[in-house]
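Consider the single chain below, provided in structure tokens and representing the form predicted alone.
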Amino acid sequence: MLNNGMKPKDRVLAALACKKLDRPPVVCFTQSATVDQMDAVGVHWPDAHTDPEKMATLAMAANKVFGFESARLPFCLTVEAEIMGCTVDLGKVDRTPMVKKHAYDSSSEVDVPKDFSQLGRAKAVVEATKLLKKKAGSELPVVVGTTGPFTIAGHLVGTENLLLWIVTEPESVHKFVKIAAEVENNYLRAIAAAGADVIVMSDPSASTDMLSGEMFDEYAAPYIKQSFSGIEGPKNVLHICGDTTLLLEHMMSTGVHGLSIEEKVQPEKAVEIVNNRVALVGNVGVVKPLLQGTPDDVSREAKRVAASGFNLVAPGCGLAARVPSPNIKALVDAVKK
């Protein structure tokens, strides 16, 4: 069993390799910034969505302010969609960017950019990753978040349309998810080359609220694999929202090193199903207890997740920008102490 003198980076990478540790690392692999962190480091949204230096500085704040054992950027799931032509609202100091207008319909011809990673905010993320690597040094793992291909496809044409086309035009679904995977593979290669230690792909539209396990295997899993194809170096983690109990086996089939899941899955059940075949990340509730509960509520839930056998303890999904700081501190302290 490895001891408590480990650097956070070493602890996180060991946990993602399913090695036995004296305690799990406590991280935030999903959206990690809060307004209190922004105030503490003097960097705020929406500026931090486009400026590489500000993005990297805010990425470090989760560790500096709260002691999370990770540094994570960017702070939304709209980078890819914006470059592909969608209209995006960059939000406010306490609201993340959102896709406001889709770019295509089923008959559209789509030109896939040859060097996607050098365009728009993708270029900013790649540059910020390089800066973050210098700031984090050998102490903290550099975690970069990206968007899964089914979710990107939903941004491009509308998620409702995508789901309807599974019944009426399945070839159109494959067309757009394949395009998204091509874009993502280019982007992930640049992120890996920039020094990411962990790539976390969030594919919320591929949840059981949208897809059955069989649909996931047809319309999501092959394209997640394609997105990660040929990416050497970083550990890969797949995040999907909702109750993924019935989806865990399907998620593991994508070949990722870790699964990030929400509190709708009982932690003990998740550990039983996954059985240390990949690392489990999560799954302290981001609404209850983190946003709406008390520090005692958060501490109790974090200890439950750790005791259940999760490899890394983390918020189950992205942090709301107004999560109270005492609750985040309670999460970190419950695992470290």
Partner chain sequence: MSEQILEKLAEVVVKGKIKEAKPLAEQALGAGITAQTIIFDGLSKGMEVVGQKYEKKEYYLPQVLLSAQTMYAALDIVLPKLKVGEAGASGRIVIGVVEGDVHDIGKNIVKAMLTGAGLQIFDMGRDVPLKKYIEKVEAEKANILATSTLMTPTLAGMRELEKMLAEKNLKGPVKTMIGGGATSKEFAAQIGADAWGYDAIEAVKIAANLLKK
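Please read all numbers here as calculations on a predicted model, not as lab measurements. Numbering follows the first chain given and starts at 1.
Just so you know, the form predicted in complex with the partner chain exists too; it's not on screen, but the next bit is about it.
Does T78 make contact with the partner chain in the predicted bound form, using a 4.5 Å heavy atom cut-off?
So T78 does not count as contacting the partner chain.
So in the predicted bound form, does V287 come within 4.5 Å of the partner chain, heavy atom to heavy atom?
Contact with the partner chain, yes.
Non-hydrogen atom contact S172 with the partner chain in the predicted bound form at 4.5 angstroms:
Heavy-atom contact with the partner chain at 4.5 Å: absent for S172.
Give a yes/no on whether Q292 approaches the partner chain to within 4.5 Å in the predicted bound form, heavy atoms considered.
It does: once the partner chain is placed as it appears in the predicted bound form, Q292 has a heavy atom within 4.5 Å of it.
Among 141 to 149, 100 to 108, 231 to 239, 182 to 190, which stretch has residues whose heavy atoms lie within 4.5 Å of the partner chain in the predicted bound form?
Checking each option against the 4.5 Å cut-off leaves 100 to 108.
Heavy atom within 4.5 Å of the partner chain in the predicted bound form: which of L131, V198, M210, A122 fits that? Just give me the one.
None of the others qualify; the residue that does is M210.
Residue among Q266, S253, Q226, T159 with a heavy atom within 4.5 Å of the partner chain in the predicted bound form:
None of the others qualify; the residue that does is T159.
Within 152 to 171, which residues have a heavy atom closer than or equal to 4.5 Å from the partner chain in the predicted bound form?
Contacts from 152 to 171: T159, E160, L163, L164, I166, V167, T168.
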